[in-house]
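Take a look at the structure tokens below, where one protein chain is shown in two forms, each on its own, as structure 1 and structure 2.
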Structure 1
Amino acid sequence: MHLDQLLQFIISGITSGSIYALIALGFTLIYNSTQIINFAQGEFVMLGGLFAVSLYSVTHLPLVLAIILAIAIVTIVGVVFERLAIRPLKDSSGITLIIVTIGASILMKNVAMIFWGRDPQTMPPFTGDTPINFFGASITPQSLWVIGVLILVVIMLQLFYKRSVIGKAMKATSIDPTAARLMGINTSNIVMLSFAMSAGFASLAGILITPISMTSYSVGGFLGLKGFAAAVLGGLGNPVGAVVGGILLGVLESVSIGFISSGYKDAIAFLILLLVLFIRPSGIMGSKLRGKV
């Protein structure tokens, strides 16, 4: 085993891990504001990629415009989803809401299959595909985009929580929705905002990954599951935990392919997830005081 090989494994792992992290962030945002797991999260990833491909290659918009529009569309889908399916049921039990998200994911997947067909689709990398040599390992410009966007999102999110009024209101809602409502925070709008943001992040993940691994109507289930695992690994409800969990999951997968065998990749990743949860049920970064899980 050469050192440059190990480095290559880690770079590949960080790239896929960054995608899982972006999806995990969406799980976290929605969990914080509603205490539900949104199983349609993966479908937002799928929609983001497919809309971007269509806008770019069919309507021939400039890449940046196609990406912004795709994110906007999926964000609206997220809001509409919240308004139509989540808000009317907000007093129902958690399990009802979770089943609703599963129903919505089946709906979105089927509509996407009818609309875009079943073949995988792709778009060109944002800034070329000439690999960059990094201490003997190679890294593609698209991977740098993925990692860079994740870092940017994390910084913006922290600033949003710490500096903005809405961000603080969001944080307050996640800590205690009843108290937040008593303090005059419109928690219902906060819930909608969290759906908008999580759909936005997921679509961004879907767009970033499309030049690397292509997209199709069926990618949502798999990516959603990985994002969910990352969120749980990091500690459900903790945005920093979601990022750490995502990257850890990606690196673990990659290193286990490298050192053991690709056949065990998912098994090893989930075994470690289970181990962490046995030892630390609230996840790596989860607070020990959380009683609601």
Structure 2
Amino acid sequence: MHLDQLLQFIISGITSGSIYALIALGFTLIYNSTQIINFAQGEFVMLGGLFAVSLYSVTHLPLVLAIILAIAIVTIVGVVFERLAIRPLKDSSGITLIIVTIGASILMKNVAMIFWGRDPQTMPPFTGDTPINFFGASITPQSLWVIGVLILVVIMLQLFYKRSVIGKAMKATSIDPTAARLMGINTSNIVMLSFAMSAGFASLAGILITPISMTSYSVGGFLGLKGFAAAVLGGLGNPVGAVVGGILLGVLESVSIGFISSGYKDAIAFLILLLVLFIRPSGIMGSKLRGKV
């Protein structure tokens, strides 16, 4: 394999890994506030892409406005989901809540199939599709959008945690919910905010990836599992680990295409997930940074 080919695989891996990282951040936010895994996370990705496509191509809204509205709608869906499905069962066991998220995932998937149909849908790249040469490899403007948005989200999230009162309340809730309540923090609202932010990040990921790989009612489960694998790889509950896990998973997937076969690309994520669970359940950064969100 030539150096430019390897570079091409790495760039492709960072692009897909950035999407996995955004989804993994959603898993992390909800896990930190509720200690449950939200298996409906992938459906927020699917809804983000489909709402953006409809708002842009059917209602003919400007692209930026269509994206903002799509993120807002999915964020509201996340809040409604927390209010109607999670909050009434907050005292139930963890396995009950996980089953609820799986049920919600199936419901959203089927509603999307009825509303949007089975055909894949797409939208144009944000700023054209002319590839840029980078040391012999090609990088599309949409890939730069994906990577740039992830960097911006990570910076904004760190500032949110460190500089805002609400961010510090979320941090306190993730470390010790009982102590946070005793300090006067409304942990119920923190949980709702976690679901809202989680849905927002997922919808953003769905919108960013749609011009590259299209979207449909069925992409949520697949991307959700990749995001979950990234979160576990980096260390479930650790936002930095989620980003590291996402990028690493994407690069490993992409490079495996060059060294093994494209047929094994999707199996890599689940192989990595199993290996991490067997060898280091806390993930790459889980044990070291847990509690220092």
Partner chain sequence: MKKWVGMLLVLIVPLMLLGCQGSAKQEQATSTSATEAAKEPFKVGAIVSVTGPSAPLGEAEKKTLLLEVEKINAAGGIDGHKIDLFIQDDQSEAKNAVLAVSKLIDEQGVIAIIGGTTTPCTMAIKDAIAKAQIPQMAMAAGIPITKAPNNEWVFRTAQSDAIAVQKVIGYMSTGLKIKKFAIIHDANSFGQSGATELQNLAPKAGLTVVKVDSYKTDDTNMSTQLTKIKGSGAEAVVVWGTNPGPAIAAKNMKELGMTIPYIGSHGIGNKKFIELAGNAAEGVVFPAGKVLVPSSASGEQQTVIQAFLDDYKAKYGEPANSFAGHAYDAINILTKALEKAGSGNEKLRTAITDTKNFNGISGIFSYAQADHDGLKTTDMVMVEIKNGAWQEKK
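Counting starts at 1 with the first residue of structure 1 and goes up one by one along its sequence. What you see is a predicted model; the values in this text were computed from it and never measured. In this text, rigid core is short for the largest set of C-alphas that superpose within 1.5 Å between two forms.
Participant: Sort out for me whether 1 or 2 is the form predicted in complex with its partner chain.
Facilitator: Of the two, structure 1 is the form predicted in complex with its partner chain.
Participant: Aligned on the rigid core, do the two forms place the Cα of I14 2 Å or more apart, comparing between the two structures?
Facilitator: Shift of 2 Å or more: no.
Participant: Examine I268 after superposing the rigid core and state whether its CA is displaced by 2 Å or more between the two structures.
Facilitator: The answer is yes, as the C-alpha of I268 shifts between the two structures by 2 Å or more after core alignment.
Participant: Enter the rigid core superposed C-alpha shift of F278 between the two structures, rounded to one decimal in Å.
Facilitator: The alpha-carbon displacement, core-superposed, is 3.8 Å.
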